[in-house]
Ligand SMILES: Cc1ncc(COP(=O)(O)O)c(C=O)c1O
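Listed next as structure tokens is one chain, alone, in the form predicted on its own.
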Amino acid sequence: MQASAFQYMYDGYGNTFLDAYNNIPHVGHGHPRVVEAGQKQLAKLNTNTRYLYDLLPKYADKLLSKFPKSLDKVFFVNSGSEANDLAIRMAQKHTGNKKIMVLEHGYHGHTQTGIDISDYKFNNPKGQGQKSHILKVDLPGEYHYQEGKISEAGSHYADKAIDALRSNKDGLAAFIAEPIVGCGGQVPLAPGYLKALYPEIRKQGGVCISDEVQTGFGRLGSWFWGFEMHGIVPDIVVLGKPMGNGHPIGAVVTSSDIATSFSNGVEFFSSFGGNPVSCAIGLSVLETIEEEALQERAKTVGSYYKNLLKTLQKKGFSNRRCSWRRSLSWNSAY
């Protein structure tokens, strides 16, 4: 590919491609508002985060306004992988425990910690295998549930996870999950699963982490964050990918209590996380989502395609039920 603009990409031979696959350029390739924000700030000031500058609190406040009041602290980094790494470090410091509960098929990044907590990586034939401080539980997808009414899938898988949790004698630092499991096939967690499991995680002393790297920023249409579709509030939220529309930025959003615990440990510093250009671009993405009503657009377009796929499903595609149902579950912004 040689160039791009909004939803299109162009190769060196003059061909145009509709980019319906990319999950990075959240408001479109080369969006003028985002480009202008980056250009202006780069010409004005770009430095590391040892200095206070107006855009840092301005962007932080704008981002935190999208979250429940209990999530009032943000740590800026450079990617979703780095954010997940930091989130685990924060959870372990806050709880004093090391063990992490993860989901089957989960993926949370390419750092060593990210691989440790990603079944998609460590369970690969070429992977490192499951480490002793990792507790893995089944993917709570409705499709594979065969033991009763499909509406009972969430409670069934939650009960199994709670049994595994209660059998664990090592203490728990955190449970981490995507609201919709991307590398598992875009599988939404069964309704009721997180609502039943989160209180048990906290009873065991652990914190609940929602990985919103792929599901966040309004692309689900009806919800700005994936955890909202499950009716729960996590203790830590991890952000990345669409946050900077292709510019490398990520973040960890958490509570004051966890942030205070973390501040008592080894100093956290990121040379480029939350730098002025990143903040300018991140802020422009949030403003574009609002001003162009892109969350509402995601709901409209996603519902349209979802209905078309349901029509195909009724026309005899039941033998491909798994892949269709996975596709039907996400009101994508694309």
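The first residue of the sequence shown is number 1, and the count goes up from there. Because the structure is predicted, anything quoted here is derived from the model rather than measured.
Unshown form predicted in complex with this ligand; subsequent notes refer to it.
Classify Asn245 as contacting or not contacting this ligand in the predicted complex by the rule of any non-hydrogen atom within 4.5 angstroms, answering yes or no. No, Asn245 is distant from the partner.
So in the predicted complex, does any heavy atom of His110 sit within 4.5 Å of this ligand? Yes, His110 lies within 4.5 Å of this ligand in the predicted complex.
Is Ala161 one of the residues lying within 4.5 Å of this ligand in the predicted complex, judged by heavy atom distances? It does not: once this ligand is placed as it appears in the predicted complex, Ala161 has no heavy atom within 4.5 Å of it.
Would Asn84 count as touching this ligand in the predicted complex under a 4.5 Å heavy atom rule? Yes, Asn84 sits close enough to this ligand in the predicted complex that at least one of its heavy atoms falls within 4.5 Å.
Stretch in contact, per heavy atom within 4.5 angstroms of this ligand in the predicted complex, of 255-263, 164-172, 101-109, 198-206: This holds for exactly one stretch, 101-109.
Which residue, Pro140, Gly216, Gly80, Pro234, has a heavy atom that falls within 4.5 Å of this ligand in the predicted complex? Among Pro140, Gly216, Gly80, Pro234, a heavy atom within 4.5 Å of this ligand in the predicted complex occurs only for Gly80.
Heavy atom within 4.5 Å of this ligand in the predicted complex: which residues of 231-252 meet that condition, in order? Only Lys241 sits within 4.5 Å of the partner.
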